[in-house]
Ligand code: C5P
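In the form predicted alone, a lone chain appears below as structure tokens.
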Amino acid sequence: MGYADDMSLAAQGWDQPDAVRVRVPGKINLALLVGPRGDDGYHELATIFQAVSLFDEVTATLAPADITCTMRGAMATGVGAGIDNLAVRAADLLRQEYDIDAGVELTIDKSIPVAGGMAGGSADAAGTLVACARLWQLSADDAELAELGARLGADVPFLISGGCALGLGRGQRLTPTLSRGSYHWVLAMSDHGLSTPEVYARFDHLAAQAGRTPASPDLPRELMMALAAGNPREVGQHLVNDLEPPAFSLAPSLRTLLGVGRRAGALGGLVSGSGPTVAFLACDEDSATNLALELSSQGVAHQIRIVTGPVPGATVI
């Protein structure tokens, strides 16, 4: 995908802002069905994403030439701000694709955990693409930004659009999914991350041990029907994640945590993505509050958060 210089609206005389702030959500995988690993090293997936109200904020400020990044907030500890940071890579990719000479100073206020199964790094990349496109006054729509984002990570395109969607392939081929109503979640977060590649490697190891070759994943039709009907109890019964066994193998305490939440009244629960964040579904706001209090009293998680979904994707604020 190539772009001509005239794709920059700033070059055509449009007013250019000094800074742009974007709010971007985290995600929960309500279903994550894992198939065989392809020649490219990635597994075939069928997943249902839901964007939830745990947000990072990305502020992009115009700079002369360089790309710099400052991480702040509750989940910023230990997150690098160099070229390995997905937000920095996103800004650099956008600048190269549109042949932009300007730089950007990124400031990211983090509430979404990185290596937590909620796409914290991908959220920052999605927010950066949207913020820098507006800052540099590029005529790039969400579809074009999502295409670029897919080069950075399979979750990035979804976090640009948000809402609720079916993801196929590596998760980047998106189809919006009908979802009625609002869903109340209690997130139990760990202070230790799980490496996504390590979890997938353990998935392959466990499959080989069992003499099993994963089949191509089916669509999670019963879950999709429950979402379309707006029935939280049915949704809770059909939550599924094929990465739970390898996540349990690497972090056995997650199995205990799931049991605690279910006994405390959750409609359902699962490890989100590759973990270790565990998401519990409650039937309403009051039930979510009571569940959060019970989990907190038992000291089974580093941090407890109550969120709702679905919410919009990366949004300029």
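Numbers for residues come from their place in the sequence shown, where the first is 1. Bear in mind that the values here come from a model prediction, so they are computed numbers and not experimental data.
What follows is about the form predicted together with the named molecule, which we do not show.
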### Query
Heavy atoms within 4.5 Å of the named molecule in the predicted complex: which stretch among 132-140, 90-98, 230-238, 153-161?
153-161
### Task
Indicate whether the named molecule has at least one heavy atom within 4.5 Å of a heavy atom of residue 288 in the predicted complex.
no
### residue 202: touches the named molecule in the predicted complex, heavy atom cutoff 4.5 angstroms
no
### Query
Does the 4.5 Å heavy atom contact test between residue 64 and the named molecule in the predicted complex come out positive?
no
### Message
Test of understanding: in the predicted complex, would residue 196 fall inside 4.5 Å of the named molecule by heavy atoms?
### Response
yes
### Task
May I ask you to choose, among 281, 45, 292, 264, the residue with a heavy atom within 4.5 Å of the named molecule in the predicted complex?
45
### Task
Decide yes or no: are 72, 78 and 110 jointly within 4.5 Å of the named molecule in the predicted complex, with each residue judged by its heavy atoms?
no
### the named molecule in the predicted complex - contacting residues of 166-183, heavy atom within 4.5 Å
170
